[in-house]
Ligand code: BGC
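Just the one chain here, laid out as structure tokens, in the form predicted on its own.
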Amino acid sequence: MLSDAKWICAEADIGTVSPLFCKTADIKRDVKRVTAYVSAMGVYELFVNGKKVGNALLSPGWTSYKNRLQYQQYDITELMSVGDNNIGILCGKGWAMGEIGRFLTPCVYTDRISAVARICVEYADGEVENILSDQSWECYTSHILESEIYHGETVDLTADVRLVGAARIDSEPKPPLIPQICGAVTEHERFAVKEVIYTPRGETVLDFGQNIAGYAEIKIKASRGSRMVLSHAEVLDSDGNFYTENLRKARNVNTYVLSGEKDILKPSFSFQGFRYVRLDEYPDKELDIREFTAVAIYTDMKRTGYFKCGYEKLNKLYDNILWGQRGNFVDIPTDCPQRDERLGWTADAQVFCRTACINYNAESFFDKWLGDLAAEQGEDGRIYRFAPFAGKERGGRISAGWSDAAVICPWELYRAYGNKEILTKYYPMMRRWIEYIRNFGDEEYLWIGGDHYGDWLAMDAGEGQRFGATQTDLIASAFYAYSVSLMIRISEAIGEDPAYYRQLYAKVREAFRGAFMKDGMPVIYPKADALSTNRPVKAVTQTSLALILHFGLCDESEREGLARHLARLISENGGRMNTGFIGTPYLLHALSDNGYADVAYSLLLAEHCPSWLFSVRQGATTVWEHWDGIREDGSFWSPEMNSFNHYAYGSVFDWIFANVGGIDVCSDGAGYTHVTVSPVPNRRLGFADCGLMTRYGRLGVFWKYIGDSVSYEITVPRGVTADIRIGEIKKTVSGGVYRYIV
């Protein structure tokens, strides 16, 4: 669509100012349709006759720029008229040129902002005219003096917008252009100021009551040239002061110089992760909180899942999980939306993928991101720790449980939506990843050695440790087995011969059991991570037991003993879990699937640290990165790495959905065509209402206690087969509402 258009950039050095590329389009007579195709190395907004086109933000989005770049298509017919029409493309640095990653590397993908466009005019008489970006376009300065994703934006509405000159043809090679894959980033929920706080330091802080990714929008009229400067933060410290140390080097400051007229102020090419806004500068007028609105932004997706029960703190946890997803689904699945990171970390994505696909229709969102993961796969099959790459952090660790997203995420998408094309598209990436593991080191059927993250942020290795006590070799080899087991099912689903993966799985599982198990319990394998002097390394941990149980790496005769020992470890730890990013997603499943649903419920509803409800009790409105991000005494874990909007631990909702709600996809029921419905009620909840909108209609389970009995109402849409398993009730049904009292 853009092959004949030229990439254009500014002829002169305009510094940090966002350039505006303009072209006058002469429409000669009545038109049938006018379509614009636009992209940029940077981010952009399209204007026609001074009006912004569409509601998308941060277009064309973040992709693997060395391999592919999206373009967008717009119907601008209604904005055009016969005669002269002004086409404008306002650009910012965005991810392509701005400072990105923990090391704030600038110009990772390009050292100049450039744009490309084609305006296709279809006249009513059948003639077609194309207006292409070239040197006939002009470049102007704009009111945006500086804009960075991490640092914020400076806008001067009194600055002169001047003509720089003709646009220059940018001859530097550009990535292949592809159509936009998923929904655009757009504005969503809006929040009024909940409270004005005057801190002990004398700061004026606005509390919007919800941690979001987005920005503060201000509608204000003040004297020309007056300034407004806003800093952003997630939390206040224990003294009640504004706290930004956990943002590290990200400034998150928006600065505005007012025009003197009625201004609407918000960034065009930046966003912040925040709940609180500090007014560092404000015009010389009385503060009016009605001027301020916090606006949440995230990728446009359809909400599908729902959950509500009679335990309000659990409802709040689910709300926090939803907000964790929203705040971290800004075009790619990021780890956090506030500090100098905001990267597409693979572990976070794979542990949360199932939950994400229950909450929202996230198929195209993950499809876009997986395309970048595949595009950046190493020649030897390696999968990097995040995608897209970012600056000096290009490459880095190849870690089990992280890189396995290459297999786990496509499988979870297929499981949720039943689309075999996803599996077929990414099958080459999966195969190459498995071969990378197989060829790693000296042991073909174990994954020994390497620089893994292990059970990241687990609390069983001592105060201040980031790496949990579980052997990374055990974790890596367990994920090796798990990914190969999924390859068997994936091969079967798309009609590939699974024989190779069946044989490989048998050998990997046998090797795992020989290396890491003895007498039905995990043991230390005396190589690699077992030799660590940085932290205690233990054979029997909550995580090692959970992985062995959940990944099926034990014999059936060993299950009871392993599950009993897992429950005992939790009991001996004061009824607390101590798992991290790798163990936590599987812990409750390992318990409830093996006869300890009561222990799983107790962990779910616990309020001490570590627990999901500890952060809820502390007033959190999103899920934290650390179980003890804010301790009981109000102190912080560490400013170095302490996000308060980190969705990974929100993966617990897939257990809630499959156990409290009792809904699970059968092995032959991808896309919720065949499900089991087997809820596990708990009196502490009183009732539960859980389900999702499938592509066939609403699938839902409602239960409540009536005296000593439980009343169930199960809604199954037409086209879905449900195996109901409640006590002695065992029925296979479809298309109806079914009620039972047990």
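It should be emphasised that the depicted structure is a prediction, and the values quoted were computed from it without experimental measurement. Counting begins at 1, following the sequence as shown.
Although it is not shown, the form predicted in complex with ligand BGC is what the next lines describe.
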Item to complete: Using a 4.5 Å heavy atom cut-off, indicate which stretch of 356 to 364, 339 to 347, 515 to 523, 589 to 597 touches ligand BGC in the predicted bound form.
Response: 339 to 347
Worksheet entry | Contacting member of Phe581, Trp323, Tyr384, Tyr480, with respect to ligand BGC in the predicted bound form [4.5 Å, heavy atom] | Phe581
Item to complete: Please pick, from Tyr453, Phe653, Trp137, Tyr150, the one residue with any non-hydrogen atom lying within 4.5 angstroms of ligand BGC in the predicted bound form.
Response: Tyr453
Worksheet entry | Non-hydrogen atom contact Val193 with ligand BGC in the predicted bound form at 4.5 angstroms | no
Discussion item. Whether Asp335 contacts ligand BGC in the predicted bound form should be assessed with a 4.5 Å heavy atom distance threshold; does it?
Written reply: yes
Worksheet item: Can you check whether Glu625 is within 4.5 Å of ligand BGC in the predicted bound form, heavy atom basis?
Response: yes
Worksheet item: Does ligand BGC come within 4.5 Å of any heavy atom of His646 in the predicted bound form?
Response: yes
